[in-house]
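Let's start with one chain on its own, the form predicted on its own, as structure tokens.
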């Protein structure tokens, strides 16, 4: 993997170059007291030292609503795929891990052409976390740093960013005149920052190692914790909507008023919503919030690890931040572990 450095003063010229290239450039912008990924209009809008965004960059690769087919009578036609190259700038390691999981899911079995087309035109520029968010626990999930899944990865060091190039596409977008070969001291700073990332999130820790979570959950399918969560959970689905690894969707038809045609589209769905398991005859297979919460945690801590060897929870903490009932995955996993230790 090629290693370079770029000065912090070169960020604006680099973004200026990217914007002038005709690419769609997505970056992190300040939104009141929070941050969110949005399309950049000016290079100075980008924020690189943020804690966490309201939502992950997933929405640009797997949109909340996506038209699949436009139809008129018996004829249907897929919308023309967008060809413009997109750069998502400033993605934290846990979100890169999340996108890596989505890549595995949408490439599995019957490959999803809609996701893969969006992904193929997307270049990911990651950046290591310098300001940890209050609810993050990514070190516990093995996602505080990243070794792959990026095109370019930036790590803040003294007066510069240490650059790792992960792909030919990433090397192509780097400003040739602004990058240099790192010194031994800069390499040492990079390795020191990687070690510090593992203790930067010490405030929240899952006591059980990631690889042991599937067995822990399997043993506690009937733990009273699920009933306790039912008493608190509102079933609003906020956790699903902000989660960077949730990929479930519903498919619906939207008809023209004169019924001459319409659009078939998909939109995000969530396992905490009551209608998630409703079938055509009306039955709901997870009627209780206890069962829906249990499924959510099994999905994050068991099923994804067993199938893809990647955690379904990357420890970003967004679900805790947005939960009106203050449900925290760290507390849930640790409560199960405490029962195991008794």
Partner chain sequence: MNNPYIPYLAMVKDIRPETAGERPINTYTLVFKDESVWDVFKNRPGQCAMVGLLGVGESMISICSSPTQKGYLQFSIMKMGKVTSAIHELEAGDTMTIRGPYGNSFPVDDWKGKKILTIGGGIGQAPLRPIINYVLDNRKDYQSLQLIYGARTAADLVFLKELQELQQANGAQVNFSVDRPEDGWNGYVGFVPAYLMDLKPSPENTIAITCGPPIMIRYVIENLLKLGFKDEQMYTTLENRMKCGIGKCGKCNVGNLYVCKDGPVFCYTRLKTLPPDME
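Residue numbers count along the first chain shown, from 1. Predicted model, so just to flag it, every value in this text is computed and none were measured.
Same protein, other form: the form predicted together with the partner chain, not shown, and the subject of what follows.
Participant: Please run the contact check for residue 266 against the partner chain in the predicted complex: heavy atoms, 4.5 angstroms, yes or no?
Facilitator: Close contact exists here: in the predicted complex, residue 266 approaches the partner chain to within 4.5 Å, heavy atoms only.
Participant: Just to confirm, residue 210 within 4.5 Å of the partner chain in the predicted complex by heavy atoms?
Facilitator: No, residue 210 sits far enough from the partner chain in the predicted complex that none of its heavy atoms falls within 4.5 Å.
Participant: Is residue 77 close to the partner chain in the predicted complex, meaning a heavy atom pair under 4.5 Å apart or at it?
Facilitator: Residue-level check for residue 77: yes, a contact with the partner chain.
Participant: Taking the partner chain as it sits in the predicted complex, is residue 248 near enough to touch it, meaning that at least one heavy atom pair lies within 4.5 angstroms?
Facilitator: Taking the distances in the predicted complex, the answer for residue 248 is yes, it comes within 4.5 Å of the partner chain.
Participant: Which is the contacting stretch out of 266 to 274, 151 to 159, 170 to 178, 135 to 143, given heavy atoms within 4.5 Å of the partner chain in the predicted complex?
Facilitator: Among the listed stretches, the partner-contacting one is 266 to 274.
Participant: 190, 230 and 309: each with a heavy atom within 4.5 Å of the partner chain in the predicted complex?
Facilitator: Zero of three within 4.5 Å in the predicted complex.
Participant: Which residues within 159 to 192 place at least one heavy atom within 4.5 Å of the partner chain in the predicted complex?
Facilitator: The stretch does not touch the partner at all.
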